[in-house]
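Presented below, as structure tokens, is a lone chain in the form predicted alone.
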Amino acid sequence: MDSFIPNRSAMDFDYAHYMLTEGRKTKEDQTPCSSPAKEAYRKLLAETLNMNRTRILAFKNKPPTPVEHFPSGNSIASAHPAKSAKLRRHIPQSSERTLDAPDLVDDFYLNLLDWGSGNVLAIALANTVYLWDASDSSTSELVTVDDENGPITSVSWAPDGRHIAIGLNNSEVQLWDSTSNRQLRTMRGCHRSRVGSMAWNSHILTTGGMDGQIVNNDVRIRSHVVETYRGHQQEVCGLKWSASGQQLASGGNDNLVHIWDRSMASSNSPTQWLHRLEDHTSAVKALAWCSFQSNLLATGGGGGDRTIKFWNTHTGACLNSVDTGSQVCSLLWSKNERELLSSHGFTQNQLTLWKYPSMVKMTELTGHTSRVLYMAQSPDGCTVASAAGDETLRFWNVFGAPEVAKAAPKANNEPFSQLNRIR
């Protein structure tokens, strides 16, 4: 039950004592005034001496009168919104740029698009790899393979943004230097059939094949096969290393997701998985490690599954599952916000931006007329490129720009910096 405590600093005790004693007697003994003028004088005197109050106890101070600093009706709060209130980000609903991508292979199990740290986008179209430099929008051809070796089934930039791996339909993997347009080596013997997925971990190139095998290749040495992971019974169509390089996630056409730990790898025998995740009911190609929580993995299922699932890769627990209503082809976490972007197939062929962890849809981006098979993110995390079966490559400003901290003034340590220069 609430209690009311009088505020002593707001009370006049002398007046209170008078009202409880003499004031009441005065009212009782009062006789009618002889004239209206005397009555008016009494009221004026009571107001002047503050004797017309009826309350004795005060529970709070009287609020101060607001001071208007500006003559206009707009308050300061409306003129200057609170800094803590974040403005809603505008997300353009149409693509910023659209490029033709003729002969793009419409195959769910391949990985034909990658954006390197050097800000160059690589895309494989049939037997040719093209490079698009985002800094000047120039396009160049890197390599065209022979028909007996192609088509190209996967591309993946090395962390340095200079070297690129190219997986082929004939089970070989080529390594190229993009600055000199020179082939450095061809790695053979990794797989028995096409190489549809690849992922880098420093100098280790991990490859996944239609044969269900996952192989770690040390590109620095002649005998490049250093570890083999066996767990998938069908084609490996998704591979992603965690940011720490400690855990590898793999997805396959057998509806399985495996988590492999680098510390458990063995060169003598096939490595045992850390977790085998069996909740999906269709092929799993879409894999994405969270950018702000190291042990959080998002996975997306194919047309018979249509869900995005979230996993704690330390425990193997499924944290959440969201039915998207259509085939999930690719997943990307924002580098700047707690958001996840997914690309889809039939019926809308859309890109969907989700707020994490509520998984509320922030927006849906449409424009592709066929399933959006591949997505890649720019190095700064702001722009996403999407390639679809409609043979177009689209660029979307979907993720917010990173907040740039105000740069501190540089200390000028140059000798004699205080002197004026001649030129």
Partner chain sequence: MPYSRDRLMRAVDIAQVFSRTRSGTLGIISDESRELLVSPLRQRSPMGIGGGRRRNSSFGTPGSGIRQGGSLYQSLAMGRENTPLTGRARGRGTGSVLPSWYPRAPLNDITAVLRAIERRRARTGGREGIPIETPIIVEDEVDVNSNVPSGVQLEHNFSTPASTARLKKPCPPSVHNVSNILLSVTNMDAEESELLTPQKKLLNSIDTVGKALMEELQKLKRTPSAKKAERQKKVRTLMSIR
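All figures in this text were calculated on a predicted structure; none of them were measured in a lab. Residue numbers count along the first chain shown, from 1.
The form predicted together with the partner chain is left out here; the points below concern that form.
The three residues W260, S343 and Q377 each lack any heavy atom within 4.5 Å of the partner chain in the predicted bound form. Residues within 4.5 angstroms of the partner chain in the predicted bound form, judged by any non-hydrogen atom, belong to 281-289 and to none of the other stretches in 281-289, 316-324, 243-251, 333-341.
Proximity of N295 to the partner chain in the predicted bound form falls outside the 4.5 Å heavy atom cutoff. Interface residue remark: V398 is not counted as part of the site for the partner chain in the predicted bound form, having no heavy atom within 4.5 Å.
Contact check for W176: a non-hydrogen atom falls within 4.5 Å of the partner chain in the predicted bound form. Contact annotation: V120 falls outside 4.5 Å of the partner chain in the predicted bound form, judged by heavy atom distances. Listed residues A265, V105, L274, A134 were compared with the partner chain in the predicted bound form; V105 is the one with a heavy atom within 4.5 Å. Note on contacts: among I166, V215, L110, A199, the single residue with a heavy atom within 4.5 Å of the partner chain in the predicted bound form is L110. Residues are counted as partner-facing when one of their heavy atoms sits within 4.5 Å of the partner chain in the predicted bound form; in 140-178 these are S140, E141, L142, V143, T144, D146, D147, P151, T153, A158, D160, R162, H163, N169, L175, W176, D177, in sequence order.
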